[in-house]
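Presented as C-alpha cells, the chain that follows is alone, the form predicted on its own.
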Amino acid sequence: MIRTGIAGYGNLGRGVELAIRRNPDMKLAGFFTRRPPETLKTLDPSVPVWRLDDAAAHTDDIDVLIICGGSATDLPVMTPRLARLYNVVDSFDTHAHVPDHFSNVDAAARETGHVALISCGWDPGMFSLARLYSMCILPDEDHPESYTFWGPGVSQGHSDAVRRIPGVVDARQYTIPVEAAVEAVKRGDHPELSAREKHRRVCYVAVAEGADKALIEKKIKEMPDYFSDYDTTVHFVSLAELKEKHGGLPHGGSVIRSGKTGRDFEHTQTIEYKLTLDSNPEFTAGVLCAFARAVAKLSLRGDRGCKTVFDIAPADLSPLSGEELRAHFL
C-alpha cells in the first residue's frame, strides 16, 4: 500500500481524498493543514490531521505527499520546502514559471534524496503529453506547435488568484475559447493566434462591504500571467448569487494538431485530445493520484530529484503488472 498524504484541504484536497478511495493500492495516511487541525471536517475522522508547521514530525508515516495548494503563492514555497521532507507531487500550473519552479524543487529534493513531480494535472499534465505525442507523430518545421484551448469552464488557479486580492470574498473565473479560432485550427489553417485571440476570461466576484470595486477590477485585468494578456470581463455579484449560480467547478478543453503527410503532402491528418469535466478538481485529483503512484515506484528504485509528466513511463501510472497491461490494454 502506498501511504499517501494530503497537504491542503480545499477543493483539490477534497478531490484527492475521494480519489485515493478509488485506488486499491493507496491508503490515506494523513492531512496537513494551516488551519487549526480540529476544525478540519474530513470524510474519515479516523485519519489524522496535522499542522503543516509540524510536517517534519511525520516523515515516517507517508510515502508520497500530494500538495494541494494554489500556484500563485502557495506551491512556489510549499513544494520545495516539503520536497526536503517527502516524496511529493504538485499541480503547479503557471506555465511561464515552470522552469524556475522545476529548478527550485529539483535542488530541494536532491538535497535530501527525494523524488518530486511538479505540474501534474490536466494542463499542465495530460494536455502536455497530448502536445508532445502529437508533435512527435506529426512533425512540421513550419508549424511546430499544437493548439491548446481551455474551457468553457472554471479555472481553479485563476479563481484562486482573484480570491487573493484584498477585498475579494470569493470568485469564479471562466475561461472561454474563441470559437472562430477553434474552427480555423480544425480546418488546418495553422493560424497565428495570440493569447487574446484564443481565449477570453469572465470573472464573477463577490467582495467585502465597502471594497473598492474599481480598484479590484483594475488589479484583476492587469494581473500578469493570469489576465493581462486576455480580454477580461469582471462581474460583481453577491456571495449568495455566486454560490447559487457558480457553485460548480466544470472545465475541459482540447489539444488539436493537424499536419500533412504523403509524397506531395496531399493528406491532412488531425489529432484531437479532448476533456469534458463536470468537476475540475476531482479529475485533477485522479491525475495526481496516478502520478503519485509513479513517484512511489521511482523512489523505491532509488531515483531522485524533480520530474515532470514527460519523465514518467505509462506503466508506472498503473497498479497492474506488465503482464496484465500487455494482456488487456495493448
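One rule holds for the numbers: they count along the sequence shown, beginning at 1. Since the structure is predicted, the reported quantities are computational estimates derived from the model, not experimental observations.
We do not show the form predicted together with another copy of the chain, though everything after this point is about it.
For the options D140, D170, E241, D225, the residue carrying a heavy atom within 4.5 angstroms of another copy of the chain in the predicted bound form is D140. In terms of contact with another copy of the chain in the predicted bound form, the residue from R164, K221, R200, H95 that brings a heavy atom within 4.5 Å is H95. Within 4.5 Å of some heavy atom of another copy of the chain in the predicted bound form lies at least one heavy atom of L43. A residue is said to contact a partner when one of its heavy atoms sits within 4.5 Å of a partner heavy atom; G69 fails this definition for another copy of the chain in the predicted bound form, lying far away. When another copy of the chain is considered in the predicted bound form, D123 lines it closely, a heavy atom lying within 4.5 Å. Though the partner is left out of this view, S128 does reach within 4.5 Å of another copy of the chain in the predicted bound form, counting heavy atoms only.
Contact with another copy of the chain, judged by heavy atoms within 4.5 Å in the predicted bound form, is confined among 48 to 56, 61 to 69, 30 to 38, 257 to 265 to 257 to 265. Contacts to another copy of the chain in the predicted bound form (heavy atom within 4.5 Å) from stretch 260 to 286: K260, T261, G262, R263, F265, E266, H267, T268, Q269, T270, I271, E272, Y273, K274, L275, T276, L277, D278, S279, E282, F283, G286.
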